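Listed next as C-alpha cells is one chain, alone, in the form predicted on its own.
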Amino acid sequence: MHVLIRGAGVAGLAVAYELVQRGAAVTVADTASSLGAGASWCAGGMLAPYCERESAEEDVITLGKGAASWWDRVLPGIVNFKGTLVVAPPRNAFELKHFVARTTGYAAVSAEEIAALEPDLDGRFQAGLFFAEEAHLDPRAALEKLQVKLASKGVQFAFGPANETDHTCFDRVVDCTGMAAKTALPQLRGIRGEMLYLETPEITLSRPVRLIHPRFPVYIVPRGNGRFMVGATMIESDDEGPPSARSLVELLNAAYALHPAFAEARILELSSGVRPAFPDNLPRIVERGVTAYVNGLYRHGFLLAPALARQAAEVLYSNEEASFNEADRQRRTA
C-alpha cells in the first residue's frame, strides 16, 4: 500500500511511523518549506495524561497513558521519566482543590517534599501534587529525530508550496494538516497557544512544573542548559499572528511567580501556534473517500499522537483487507 500523508507535524510523522512498521510505502508532503513550521514546533512536550485530565475527558488518560512508552520505544532516550509537579500559591488554594477533584494518579506533597523534588523551589510553596508516572520530551528534538528515522526507513519527504502532491498516485491519503483541513472538517475550531523560551543559569528544574493559574494552566518545562519553555495560553482564535503583549505579560508573571530569578532571564523566543480542536476537544479520525483525516488533537499533540497513529494505521489496513477479501470473493464467485 502506498500512502500519502499530508502534514509533517507530530500527527503526520507518528502516522508515517505506524504505517511503515506495517509495510506501507509512505510519502510525507507539507506545504511549509521545512520541518517545524506548525503548532507541533511550539508544543510543551508534556506526556502528562493525568494532569491533562483536569480540564479534559477521561479519554485523554485512556489514549495518552501509553504515549511515553511509545516515544521511548521509537526514539530511545528522548523521554525524561521524571513526573510532573503541580504547585499553587496560597491565594490559589481553591483552584488546587478543584484540580485534585478532576484528576487521579497523584500524590499530595508537602513543602519539604517539594524541596526534595526541586531544590530551587525550597520554601516557595507549602503544598502541591506529584504525578510520578508522567514524563516529558523536547518536541523539536523529537520531530527532528523522528524525521531522520523515517527517512532511514524509506519514507519520502516533500516540503514547500509546490508540493501539493497529486493524491491519485497513491492508494490512500492521510490528512494531518490541522486547521488547514477546516474546509473538509467545518467543525474544527482554532485554539491559539502562545509560548515563551527563557534562559537563566540561576534556576535548575528536573521536570515540568505546572503552576495553578485562575485563567489557564501555566507550565514551565526544562529544556536543558538553563533553558525553559513557558506556556501556554488557550485563546479561542484561529489568528496565526504573533503573540500579544497581554500573553507575554501573563507568561512572564507566571514564571516570576514560580521563582523570582526568572525576572533576570533572557528571552530567547516568543512564539504562537493555532491548535485544531473539535467541539468536545477530543481527536478523531474521519474518512472521506480515499482520505482519512486525523485531526483535533487540541493541546495534546505529543500525548495523543501515538494512539491516533495506531488507530489510523488500523483503519487503513482493515479497509485494505476488506477490499482484498471482497475482490477475492468476487474472483472465486466468477
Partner chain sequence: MPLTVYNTELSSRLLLGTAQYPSPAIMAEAVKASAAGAVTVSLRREGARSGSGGDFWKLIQDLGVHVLPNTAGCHSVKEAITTAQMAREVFGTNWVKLEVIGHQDTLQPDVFGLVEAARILCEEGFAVFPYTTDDLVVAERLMEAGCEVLMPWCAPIGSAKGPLNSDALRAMRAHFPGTPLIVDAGLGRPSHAAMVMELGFDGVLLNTAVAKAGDPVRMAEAFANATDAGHTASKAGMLEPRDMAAPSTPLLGRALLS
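Residue numbers count along the first chain shown, from 1. Since the model is a prediction, treat every value here as computed from it, not as a measurement.
This next part talks about the form predicted in complex with the partner chain, which is not shown.
Only one segment in the set 40-48, 54-62, 305-313, 23-31 has residues whose heavy atoms sit within 4.5 Å of the partner chain in the model of the complex; it is 54-62. With the partner removed from view, the residue among G105, G190, G83, P222 that has a non-hydrogen atom within 4.5 Å of the partner chain in the model of the complex turns out to be G190. Checked against the partner chain in the model of the complex, the candidates E202, D238, E113, E199 yield a single residue with a heavy atom inside 4.5 Å, and that residue is D238.
The partner chain in the model of the complex is not approached by E269, whose heavy atoms all lie more than 4.5 angstroms from it. Though the partner is left out of this view, N281 does reach within 4.5 Å of the partner chain in the model of the complex, counting heavy atoms only. Within this chain, T233 lines the site of the partner chain in the model of the complex, having a heavy atom no more than 4.5 Å away.
In the model of the complex, no heavy atom of Q147 sits within 4.5 Å of the partner chain. The partner is not shown here, and in the model of the complex the stretch 110-134 never reaches within 4.5 angstroms of the partner chain through any heavy atom.
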